[in-house]
Structures are given as C-alpha cells and as structure tokens.
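Just the one chain here, laid out as structure tokens, in the form predicted on its own.
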Amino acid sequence: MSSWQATCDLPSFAPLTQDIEADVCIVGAGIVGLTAALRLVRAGRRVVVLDSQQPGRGNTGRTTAHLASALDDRFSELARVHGLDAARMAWESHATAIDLIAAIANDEAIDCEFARRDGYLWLAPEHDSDILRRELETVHAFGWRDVEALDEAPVFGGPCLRFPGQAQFHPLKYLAGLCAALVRSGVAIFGNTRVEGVAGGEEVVVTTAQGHRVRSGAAIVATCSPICDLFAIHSKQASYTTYAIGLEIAAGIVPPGLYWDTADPYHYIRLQPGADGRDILIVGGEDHKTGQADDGERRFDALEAWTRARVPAVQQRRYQWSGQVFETLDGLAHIGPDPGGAANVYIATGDSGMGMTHGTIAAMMLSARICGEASEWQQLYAPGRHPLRAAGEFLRENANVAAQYADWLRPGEVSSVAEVAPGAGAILRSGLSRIAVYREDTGELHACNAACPHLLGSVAWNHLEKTWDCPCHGSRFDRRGEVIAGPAHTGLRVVDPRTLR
C-alpha cells in the first residue's frame, strides 16, 4: 500500500547536463525549495532548482499535511526554554505560513483542496490536566485569546483545547501547482540531479554527482537534512521515522478538523474528503529513531488498533506509509546561514513534525534574506542557536547517537550470504568490516560496506521500505547502497559479493 498522496501526478524534469549560472541555486524541490523559488523569481532573481529525484518525491510527499500554528511540542515548553515573546513569534510565523499557502494557492489558481479547520489537542489518559491548563495560560498570555478549553474533544473524547485558524491541503497538488507557476516564470528545474558539493563564497559553486557546476550568488540547501554540514546541525537534531495509515470511514462520522493528543509519541489525525460517501481518516504516530527499529507492520497495526478502539466505525485500511521527521532540541526549525560558515549558503532543516509550515517559514525567511531584507524571526530560527534550557535533551540525544557505534563490535545478523533470503537485507561480518547484503527476488546479490559515509554509523536494514538506514543521523540508502536521503551525499561503498562467503 502507498500513501494517499500518491494518486497525484507530479511533473518530471530532465537532469542537468551542463554548467550553468544563476542568481540563486536551490538544492531540493520540496515545499521549501519550490516556495522559495517562487518568491525569488517574483523578486526578479534568476533561479535554478536541483533535486536528486523529482519534485515532491521526498518527505513533502509523505506528510499528512497538517497546517498548524499550534506547535506539536507545545508553547508552554517553548516559553520555558526561550521565553514568552519567542512563543508569540513562533505562533505568528506559523500562522503567517498558513496564510501564505492560502494566498499562493489563490494567486496561482492551484486546486490543492486547501481548507481552514479547527485544531484539537486532547489529553492522553495517562496525563494530568495541568498540561492543558499550562498550555492555555501560555497562549492566552502571549495574545492568542480565542483558544479555548472544552470538556470533550469531538469523537476522541476527554478534555481538550480548541485552536482556531488551522488548515489542511493536498501537498502534492500544491507542489504541482508551484512547478507550473515556476515553469511559467522561467525557473529552471532539474530532476535526477544529485548534488555532492556546495562551496560557499562570493560565488557559490554547487557541484553535481555528474560533475556539472551551478555558479550563483547564493544557494539554499533545502534537502530536509542538510548535506553541507558534518556536525554543527546534526548534533542538535535527531531523525525519527513516523508511520501513517488511511482508513475508510463513512462521511459525517468524524467532523473535519486536525486532532492530536499529548501522548509521547503523540497521535495525529485528520480527515481527507473522499468520494461515494466515504472519507479517509488519516492517523499517524508510533515514531522511533530512524534505523533503530525494523517493525513497520507492527506499528501500522498498532495505529489501526488504537484508532478502532476510539472510532469503531472505521472500515478497511486503504493506505499506509512511513516518513522522516527531524526533531530539534526546542521544537523549532533551523533556518538561516550555514552554521559551518560557508558564505552565502543557507539551510532549512529541523521540521519537528511541522514540515509544511516550517518549510514555508523557511522559504519566506531565506528568500527575504537573499533579497537583503531582515526578518523579526531571524534569531528565533537561527541554526547556530544553543538553547541552554534544552541541554538535557541535547545530552540524551547525543548519548543515543554515541551508543549506536557499538554496532561495530557486534556480530553480523547472518554468518553467510546464503542465509540472506530473496527480497531481504542483512548485515554480514567480514573480518573487521560489517557488510550490508541485499538479495534480489531473482537471487542476484548486492553488497556494500555498512559504514555510512556521513560519520561512519553502521546502517540497518528497513524491510518495509527496502532501504539501509543509519541509526546515528538518519541518512538513508536504497537496497543497492545509493544515497536517497542525507546528511550523507554519497552512497555506501560497493563490495563485490563474490568475495563474501
């Protein structure tokens, strides 16, 4: 089963085949890259967009498409870490992002099913109602006065907070509309063009895997996890895999809205209008650190069981998929100049489960900065920030990363390639090396060194997606070892399977 978004056809673009020049080069054709490109071309800049796949094939195409100005990590926590004014600015920036999506959809006549919805945060059974009280007091204190407490959340029951002015849309229909607008405006978009280097300076040089170069005055690295940095960002955010299912339900049973609870990991739910009197109830959750579990089917089943216990009227499961989220120490994205110091190179990462709004905020901020305009949110989202009151989370996450390197001391999962079943992958110990071995259904073997090129974590097999995932910083590789998601920007080192026992 695939995601509900997969029914939308997106345009495809040819790869870059020569050196070119532009005012701005954007690496990544998700919501950040395409929105920034539109704002920059409207400001008169010559823009080039490069993507290792095609627009929308990354995490933008795997979102459940909540458009929320109510933070998943909650405003009371943000106010504790950064203060009440920061909480206000976070609310205002996400609300502005929703407004911009609505405006672009209207201006460019994009039929992306944008609709305003109320959002409901309800109390998980194991939690005390003080959680909701503190959140309500915080949002009222910084000025969001029309948030209200309710005794019963619609459908899911129990005390909740209602957040007005939230929204939902179809992300791939939106991206398809952005692509059409960009092509009309003369923006050059290149697909199947992997970037392997971004060199900052007065002239930024972006180099592709094929050896072609884009020379520009500025570059935006919008690759979900930045490929231009080794340590500065990746020690301050963690990659999680999240799961989602789509269940049929008769229209009218669940009121339209965005729903999420206070559990950890939390559940997030919304309704997707369907046809023939049936809607799709989209339910997500069951998160875990990327590369640190391989039980996707169990997590899909857990989501379905959790939903059926609360909404018995749901019918068959129509869709299921997984995606990645990058959690920061304080729940806010990292948006701004490359913290590694590369001049005129800008990054956008750390979606913290709110990729559609954080991505739109990034597009607004970075396009404005390249055009010489300041943003009042600049310090709030600065990639170089070190929130001292989140030091405990920093230590926990980095201790988890350090523990993953113990994999190099462990034996392999199989003792010979003969034990690797068709359609499966496993780690084989070969001397001091760990080898990632995959066997095609035809019996053909592929083998790679299991060391992730980013910082040498040992990859683990993800049988649900048929990928090799790094448990340290979330890089992902296809079954043959080709990189499909950073921070790594090159694939696993290929090993001749004939040399293996």
Ligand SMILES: Cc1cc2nc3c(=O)[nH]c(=O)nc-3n(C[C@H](O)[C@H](O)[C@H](O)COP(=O)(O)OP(=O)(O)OC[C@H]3O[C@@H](n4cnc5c(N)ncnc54)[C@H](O)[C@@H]3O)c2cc1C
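Being a predicted model, the structure only gives us computed values, none of them experimental. Residue numbers run from 1 along the displayed sequence.
Missing here is the form predicted together with the named molecule; even so, the following discussion is about that form.
Within 4.5 Å, heavy atoms only: does H267 come near the named molecule in the predicted complex? H267 lies outside the contact set for the named molecule.
Give a yes or no for T193: in the predicted complex, does one of its heavy atoms lie within 4.5 Å of a heavy atom belonging to the named molecule? So T193 counts as contacting the named molecule.
Check Q324 for me: does it contact the named molecule in the predicted complex (non-hydrogen atoms, 4.5 angstroms)? Yes.
Contact of V437 with the named molecule in the predicted complex (heavy atom, 4.5 Å): Outside the cut-off, so no.
Tell me the stretch among 26 to 34, 460 to 468, 441 to 449, 428 to 436 that has any heavy atom within 4.5 angstroms of the named molecule in the predicted complex. That would be 26 to 34.
Name the single residue among Q166, Q237, T290, T223 that comes within 4.5 Å of the named molecule in the predicted complex, judging by heavy atoms. Looking at the other structure, the residue within range turns out to be T223.
Heavy atom within 4.5 Å of the named molecule in the predicted complex - residue from A65, V48, A70, L40: The residue in contact is A65.
Residue by residue through 352 to 382, tell me which have a non-hydrogen atom within 4.5 angstroms of the named molecule in the predicted complex. Contacts from 352 to 382: G353, M354, G355, M356, T357.
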